[in-house]
Each structure stands twice: as structure tokens, then as C-alpha cells.
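This document starts with one chain, in the form predicted alone, laid out as C-alpha cells.
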């Protein structure tokens, strides 16, 4: 009996080119680095569509689809959802959206995610927006915000930092070696941070976009 990964790989092999041209920017940074705030600013000022891999997975679970049930069961069993499943959701969101500019927030989470995304979609990011923030500052922000999140306690926060450091930093190092990382000092006030972000996105209007390879239905 084939696995979820096998099925996703078979679909990936049936990828065909479409005429849709897209610009993709990966947004990375530790928990509490301000990614969400700055993504909202980019959406408002530059017309990007903000895609979060985690939000797409949660939406698929809520939809009650067979795929959503599979994702929910894997999470309940403590299994990691295969990269191909998450990528398929991202790809579908891109295909079904009328926009051609996307921020992909919090993805790729590790090197396997990165390699699978490029293989399946044929997309390399225009650049990687990396919010560089000290662990002490991220910890302070997470503990001070009042959002009722159960994971905003010191023990869980430090575990999240550890996972982030071990899994996401190799992705940043990979793209840095290709000259694609744009590092932002995220310890500064949000207004100053957006000033630096704004300077990066303003020239993109004249940058050629890339063609999206998508999974056929």
C-alpha cells in the first residue's frame, strides 16, 4: 500500500508548466521576531498575498476533507506532515489566487522542505527575508504579549528556539551562499524595521518574475 509521500511524489512527477508567473519571497525568523507584523505591512503597501504553511494545514483540517483528516491523524500521532503535502497546499493556494506576488511565511522550516519545494514547484525565491533577532529579545516579546497562547511560556519558548536554530538556520545558510538572503535587524522598533523592509520590496517592480510549475489535478 502506497504512503502519502509516494502519492505526492507521483503527482509531483505529473507537473506541467502553466503561464502563471509568480514572485515568491520566503519569510524566516525565530518565534517573536516580528514576521507576522511585517508581512501584514508588505501586504498592505506592496499588494503581496501572505501564505502561512501552518494556516493552510489548519484550514485543510477544518475543511473536513479526506486530506485534512489524514493531516490531523498524522499530527495526533506525533508524525511530521510530509513536505510534499504542505507544498501541495501552498501550490494550490498560489494557483487559485489571482495575485502573482506571494510571501511564504515560516517555510521552508528545514533543508528537506527547501529541497522538496524547489523540486516540486520549480520555484526559487526572489529572496529570503530573514528577521534577525536575539533570543533574549524574542523571549521578552513572547512573554509580554497577551494573546492567550498556551505555548507562550518560558519552557516551550526555549524549546521552540532550539528547534528553530537546529532546523531553520541551515536553510538560511544555504540561501545566503546563493546571495539570496536579505537580513533585517528585527530588534529595532517595528516602524524602523519596516523602513528596512520597504527598501527591499520597492525595487521588485522592475525584477522579472519566474514561471510556476504546478501539480495537475
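The model shown is predicted, which means the values in this text are computed figures rather than measured ones. Whichever C-alpha set is largest while still superposing within 1.5 Å between the two forms counts as the rigid core. Numbering follows the first chain given and starts at 1.
This next part talks about the form predicted in complex with a small molecule, which is not shown.
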Checklist entry - Going by a heavy atom distance of 4.5 Å, is residue 142 a contact of the small molecule in the predicted complex? => result yes
Next on the checklist: So in the predicted complex, is the small molecule close enough to residue 190 to count as touching (4.5 Å, heavy atoms)?
Outcome noted: yes
Checklist entry - residue 182: heavy atom within 4.5 Å of the small molecule in the predicted complex? => result no
Checklist entry - Would residue 37 sit within 4.5 Å of the small molecule in the predicted complex, counting heavy atoms only? => result yes
Checklist entry - Any chance all of 33, 137 and 186 sit within 4.5 Å of the small molecule in the predicted complex, going by non-hydrogen atoms? => result yes
Next on the checklist: Does residue 115 move appreciably between the shown form and the other one, meaning a CA displacement of 2 Å or more on the superposed rigid core?
Outcome noted: no
